[in-house]
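Just one chain follows, in the form predicted on its own, and it is written as structure tokens.
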Amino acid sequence: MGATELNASQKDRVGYVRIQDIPVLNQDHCRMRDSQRVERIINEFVCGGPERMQVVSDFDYTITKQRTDDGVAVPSSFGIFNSCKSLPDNFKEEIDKLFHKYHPIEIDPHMPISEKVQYMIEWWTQSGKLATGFAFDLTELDQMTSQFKHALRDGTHELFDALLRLQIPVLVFSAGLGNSVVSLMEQANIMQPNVKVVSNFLRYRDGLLDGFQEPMIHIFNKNETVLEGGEYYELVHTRDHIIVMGDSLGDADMAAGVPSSSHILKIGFLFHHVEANMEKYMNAFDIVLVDDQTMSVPQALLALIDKRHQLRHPHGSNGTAPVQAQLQSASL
């Protein structure tokens, strides 16, 4: 059903979803630039069902919280790695210097993205050079990530369980360290067969670290164009209903490369420099959630899709049984 087909008479029919009837979208911390557009896309999703859905999500501070309930900051996937005790002291010192130099640039609300890109490439390139020439046992990383498996947004397990049940593919796009991402997700039991991770993974040579595997994924180049030609892309590129979730402005473009006819709903989690960033986030995302440490909004959207799906398929089949097996074998 096209957007132009949702005329007034259809809006009056039973089953049409209105923004005012979705409680989580009517909270003070939930902002929308164009609520009518959001309403239209939601109804496209509900009518299209799970067969046409995919989810593309950032990891750091999107799947994980931006802060814990007691206000403690949650470390990033790179931060978890950098905390490993066996890493050389000089590595930790130099990595810390890079963080304090480049992280303020990353979250600077006044610097244009076009200027930030080169700094991010420098940050990732220099980090890769530092992570070279010494041994590292990945089991230590597992021990570190286990400490943060409870730092996921409230409702994350329920959301991922529903996505698995409905066989909706989930692409986790992370500019962080993929080894930490996968380890944490496995220990939190959300690394399901319908989930794929694209990120920066450690590379080894002769038993020693040798930087990161190619291609480099930084905060402003992670989008579905890097998947073209792969089996995962072939599996999901026809799924034209997409929920995108992220906490940085670069995350809003993670669905770039999908057909222009796709219906994309972008959810942005805003925490840093709220007032200074608000206008840019409102322009980049369809829904902006201010200091929301939950998955309540994507859960509510999925519940609406699931409810309509159950009415159509009361016996529980969505006609996509092969998808899970395809996802398990798909190569990135």
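Since the structure is predicted, the reported quantities are computational estimates derived from the model, not experimental observations. From 1 onward, residues are counted along the sequence shown. Each form is matched to the other, and the largest set of C-alpha atoms that superpose within 1.5 Å is called the rigid core.
One more form of this protein should be noted, the form predicted together with a small molecule, which is absent from this view; the next part is about it.
- The partner is absent here, but in the predicted complex a heavy atom of Trp123, alone among Trp123, Phe136, Phe160, Phe148, sits within 4.5 Å of the small molecule.
- In summary, among the residues Ala131, Leu152, Leu166, Ile219, the only one with a non-hydrogen atom within 4.5 Å of the small molecule in the predicted complex is Ile219.
- When contacts are judged by a 4.5 Å heavy atom cut-off, Ala188 does not count as touching the small molecule in the predicted complex.
- In the predicted complex, Ile95 approaches the small molecule with a heavy atom inside 4.5 Å.
- When contacts are judged by a 4.5 Å heavy atom cut-off, Val236 does not count as touching the small molecule in the predicted complex.
- At a distance threshold of 4.5 angstroms between non-hydrogen atoms, Ser248 is in contact with the small molecule in the predicted complex.
- Proximity to the small molecule in the predicted complex, taken as heavy atoms within 4.5 Å, picks out 102-110 from the listed stretches 237-245, 140-148, 102-110, 203-211.
- For Ile121, a C-alpha deviation of 2 angstroms or more is recorded between this form and the one not shown after rigid-core alignment.
- Once both forms are overlaid on the rigid core, the distance between the two CA positions of Ile107 between this form and the one not shown is 2 angstroms or more.
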